[in-house]
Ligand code: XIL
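Encoded as structure tokens, the following chain is the form predicted alone, with no partner shown.
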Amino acid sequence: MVAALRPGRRHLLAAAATVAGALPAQATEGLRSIAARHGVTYGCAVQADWLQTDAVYAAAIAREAAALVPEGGAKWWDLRPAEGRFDFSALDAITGFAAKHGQVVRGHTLVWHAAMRPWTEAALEAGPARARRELEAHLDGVLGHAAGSIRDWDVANEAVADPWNSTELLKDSPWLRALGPAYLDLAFRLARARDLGLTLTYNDYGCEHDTPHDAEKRRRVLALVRGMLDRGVPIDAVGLQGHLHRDAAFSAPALASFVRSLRDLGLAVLITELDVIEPPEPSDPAPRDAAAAAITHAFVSTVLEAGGRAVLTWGITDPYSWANTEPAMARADGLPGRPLPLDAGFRPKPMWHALARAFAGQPWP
């Protein structure tokens, strides 16, 4: 399916050029149904306030997605506003919406080095005993509350060190400093003890492209999960975030080998946060969209061919993407980013059609 793309980026660019402006503006059904016909689950990240205040956004989410993941509503920052207190309002809004529309929800994320309140960071700095108590209290509260609505959790997120700034396996973090390298094993074991039927996932970025850093990140992620399995740690899946850099080198054989290695360990593989991060040029949306569609199709097709069965984008429509809401992600030319399947008018873009074709096993373009 992606044989024509395997030699590298030049084929992605050629494919993009042939389809610029050639795809229809409207779709007759959502990606959720297209994916389901081919045994694939498609979903996206959502935010509760937009589901509640933007009817067009909510309708698009209901039509397009079979699975939802809270973009922020299940992180420590949202769930633990103060010591000893939980706030499930945003998470409940998402799970309630999903129940109404026949969707499943993934949890993101139980243990992460970011998105924590100052009180939590202070608790971790108080020593290992306090840190473990807070971790256990968090898992008790969150997994207990969500047991009926969330059956798959990113237990840990982005714990592997980035090769460009560390030679260590694990990233320096408040959890590592508080509990040592075994904190990941502990988190997965505690999660399994609280819910034997939960799917426990490790989630990370930086494994997507054909660069020395990505190759080393893949090696480290594989070493991490293989070590966990060797120690009898319960882990069921690995999530590849898929924040694609539009013009970065890509190798289908390298990525497929990594996915197959994970599958050979008995782990499920899913794409969890797919979007396309653009360089500052060109400004014309047609070639931008075509290039984004080409790398999307190559990446998704490769993962699915190698055994992946779920794809989630990090949002559904461009204006609500972090590429447009986070100042640090702003394009140098001031134009809005175009990282997601639907444009500002909720119309399918070439990326949408690339996903549909990848789900159906069709080549690009």
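Since the structure is predicted, the reported quantities are computational estimates derived from the model, not experimental observations. Note that residue numbering follows the sequence shown and begins at 1.
Omitted from view is the form predicted together with this ligand, to which the following refers.
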property	result
Interface segment, criterion being heavy atoms within 4.5 Å of this ligand in the predicted complex, picked from 105-113, 207-215, 256-264, 281-289	105-113
Candidate from His243, His145, Arg189, Arg117 lying within 4.5 Å of this ligand in the predicted complex - any heavy atom	His243
Listed residue that, although this ligand is not shown, lies within 4.5 Å of it in the predicted complex (heavy atoms), from Glu326, Glu29, Asp333, Asp49	Glu326
Complete contact of Tyr57, Asp343 and Lys349 with this ligand in the predicted complex (any heavy atom, 4.5 Å)	no
4.5 Å heavy atom contact, Glu134 to this ligand in the predicted complex	no
This ligand contact in the predicted complex: Asn157, any heavy atom under 4.5 Å	yes
Partner proximity in the predicted complex: Asp152 to this ligand, non-hydrogen atom cutoff 4.5 Å	no
Arg80: touches this ligand in the predicted complex, heavy atom cutoff 4.5 angstroms	no
Within 300-320, the residues that have a heavy atom no more than 4.5 Å from this ligand in the predicted complex	Trp314
